[in-house]
Structures are given as C-alpha cells and as structure tokens.
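A lone chain, given as structure tokens: the form predicted alone.
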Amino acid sequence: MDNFKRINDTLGHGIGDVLLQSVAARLRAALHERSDYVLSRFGGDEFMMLIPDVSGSAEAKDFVERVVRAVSAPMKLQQHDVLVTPSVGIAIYPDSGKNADTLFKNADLAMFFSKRQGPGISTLFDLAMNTSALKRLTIEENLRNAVSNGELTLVFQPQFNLNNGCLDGLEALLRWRSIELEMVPVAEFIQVAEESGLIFSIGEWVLRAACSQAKAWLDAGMLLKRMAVNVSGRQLSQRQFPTLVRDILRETGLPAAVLEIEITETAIMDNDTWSNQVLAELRAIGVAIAIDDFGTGFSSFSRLREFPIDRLKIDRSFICNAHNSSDDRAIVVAIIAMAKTLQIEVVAEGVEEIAQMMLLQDEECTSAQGYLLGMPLPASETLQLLNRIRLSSDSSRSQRLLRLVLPSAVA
C-alpha cells in the first residue's frame, strides 16, 4: 500500500487496522470469479496473491488491473475519507522463477520497481528488466536494514593546516559493508538513500556516531580541534534538524564548537532563504558550518556573504589540475582570495601531489586534505595518528606533515 504509513501516522493504528481489513475485503471481491486463489497478508502493509493456472502475462495483468481499480477506490473509515493505492509486482511461473523463493523474491523486486515509478503502478518481472534498476532496488532493500544490522561504519580523513603542519580536523566518512552485497560504493548507496528517504535515519546515525567518537578521543586526551560531518540537502530541509543536532550534542557530551556541519553548495542554493535560517540556528548552537564541493554550484560571491559560513571546501575537480591548468589555478586562487576578504577559512580537497600542496601553501590556503596527506582511516588507525600528533614537536611544517602522515619517512 503506497501511503499506508502516512495514514497510520496521521489517523492512528486503529484506523490503519480497519484499512487493512477493508483492503483485504476488496482484494477478495476483485477475485470473486475464481475460487482457487490464495490471499495472505505478507507483512506490514503488503499482501500476496497466489493465482494458479494463469494462462500468461495478459491474464495476470487483467487480474492486477482489476485489483488496482478495486483497492484505489475511495473508502470511508470511521468518518475519515481515505484514498490508498497499491504498488504491485507480478511474477509468473516458470519464466519469473521455478521455485517459491525465487517467485517471491522477483515479485518483491517488481513491486519495488513499481513504487519507484509512482502510485498505483504494476510491473511484471522480466529477466530483461534493466540491470541497474534491479541493482538499485537490491541496494535499497538491503540498505533499509543497514543500521539495525550494524553494517555501517565511519572512517576519518585528516585535514592539515598548511601554515603550521598541525592537524586542523577530521572528516567523518560513511562506509557500508552489506552482509549480502559486500562493500557498496558510497556514490551508489548515498544516491539511493537520498531518493528513498533512508538518508534521514542514516544521516542521524552518522551524526551520532561521529560525535560519540570525537568525544571519546577528547576524553582520552587527544588533540582534536574539529570533527566534520556531511549533511544532505534533504536533512537540511527538515525543520527539526537543528533540534536533532542539539539533542545529539547533549546526548554525547561533545562540545558544539568541535562539530562542523558540511553542506554542499548546491543544497544551500536550492532554497537559500530556508538554508540561511537553518544555518543561523546551527551557528546559534555553536556548530561550525562548511560549504562542501565549493565551485561546482555556480553561486555568486555576493550571495555567499549572506550565509553564516566558517569554511569553504574547494572541490577536488579544481585541485587535481590546479598545478597544470591555468584556468583551474585561477579559480583556486580566486576562491582563496575571496575567502580571505570575507574572513572565511579554506580547505582544499583531493590533494594528491606535492606540487598541489606547494601551490596551496604559496597561495596561503588554510588547510588541505587528500591522499597525499592522509587516507581515510578506521577509528583504530585514526587513534594512532592522533597519538603521533600529540607527541610530535617538529618545528618545520614540512617535516611535521611528513612525520605525522608518514612516520617512517623522517628519521
């Protein structure tokens, strides 16, 4: 049922139960011409129909269209006018599977494919169905249980101050090792999380886990100036997001000044009035704000002055060729100069070569991160890095950077 959860949440579980009973009655009525079908509630808001001796896909679609019409008709439940629609997946033996488990799985995949198309849609499972669509549905299905299954972890990438070689902060980065899918690339599952709405629960887990880890390191005597956490535009659009941040800081005990929220330039500019209000509320809590992937969103410098921002992160696409391309170098130099005028710090992302770091130092860029300076590390290895930082006393910034990142490189 496409909008069962909304009805349950707004009208109550009692109305939700009555709705399920009404839907079951309508399903039986839609199949009144046949006596050999099996109808069951498969769980939650899902029903399963087993119809023997179907002649083919045309007859199956005829049954399903009848079901969709019957279920989608308005109904009145205890003085409430309710409209629900079903998303339907169809699997036919033997083309869609030769045993019950395969048929159930493929009908479920087809149903999820229907849900992605819109309400009231039915889809027949087809082996030729788009591979990427099936992969996406499989990712979504497994991602729904990633938090409860303990499959999510954080790694931490260091950000170094280019003036003194000291650690400026850590950026918490999400990783997902699925029980079924193994290691899933970040770009793949974050997009699915955004589109499916799972980003809200996952984003909350990331924020809480990063704050808890930062507090543990501080309590252990480590020198940690900043913990940066990425936040999606959808999270930022929630009215209660600043309250969530405040509650997590209170729960974990992390000082607000240690937390930095990273938001992409595009997410801020999509609704700049609302973004300004939310960012102002976050700043009032004491949290720092950074614009991630800066330079890719085509925002004007004049508009940038309107937002309460502490740091700009230059997108890696400009950094990777800044030492070879005059155009990219000009963009990087302009961003750094503009940020100085606005008294905003700059972090360069994706620094992978010595020439890139030297250019950034010459232009007095505040900080940098990238594989040259430090790979994203699991918590245990990050603790080792923090310990080296705590014990380091080199006077040369270059020597300090080398010792901290490559401790065996400097005698």
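Predicted, not measured: the structure shown is a model, and the values here were computed from it. Don't overthink the numbering: it's just position in the shown sequence, from 1.
Keep in mind that the form predicted in complex with a small molecule is missing from the display, and what follows is about it.
Asks: Val351 versus the small molecule, in the predicted bound form: is there a non-hydrogen atom within 4.5 Å?
Replies: So Val351 counts as contacting the small molecule.
Asks: Answer for Ala330 alone: is it within 4.5 Å of the small molecule in the predicted bound form, judged on heavy atom distances?
Replies: Close contact is absent here: in the predicted bound form, Ala330 is far from the small molecule, nothing within 4.5 Å, heavy atoms only.
Asks: Although the partner isn't part of this model, could you tell me whether Val186 comes within 4.5 Å of the small molecule in the predicted bound form, counting any heavy atom of the residue?
Replies: Heavy-atom contact with the small molecule at 4.5 Å: present for Val186.
Asks: Within a 4.5 Å heavy atom cut-off, is Arg316 in contact with the small molecule in the predicted bound form?
Replies: Contact check for Arg316: yes, within 4.5 Å of the small molecule in the predicted bound form.
Asks: For the three residues Val231, Asp293 and Tyr371, which mark the spot I'm curious about, does each lie within 4.5 Å of the small molecule in the predicted bound form through at least one heavy atom?
Replies: Answer is yes for this spot.
Asks: Using a 4.5 Å cut on heavy atoms, which of Leu254, Ile336, Leu174, Ile92 is close to the small molecule in the predicted bound form?
Replies: Answer to the contact question: Leu174.
Asks: Pick from Val192, Leu249, Val206, Ala146: which has a non-hydrogen atom within 4.5 Å of the small molecule in the predicted bound form?
Replies: If I apply the 4.5 Å criterion carefully, the residue I get is Val206.
Asks: Sort through 27-35, 343-351, 42-50, 58-66 and report the only stretch with a non-hydrogen atom within 4.5 Å of the small molecule in the predicted bound form.
Replies: It is 343-351 that comes within 4.5 Å of the partner.
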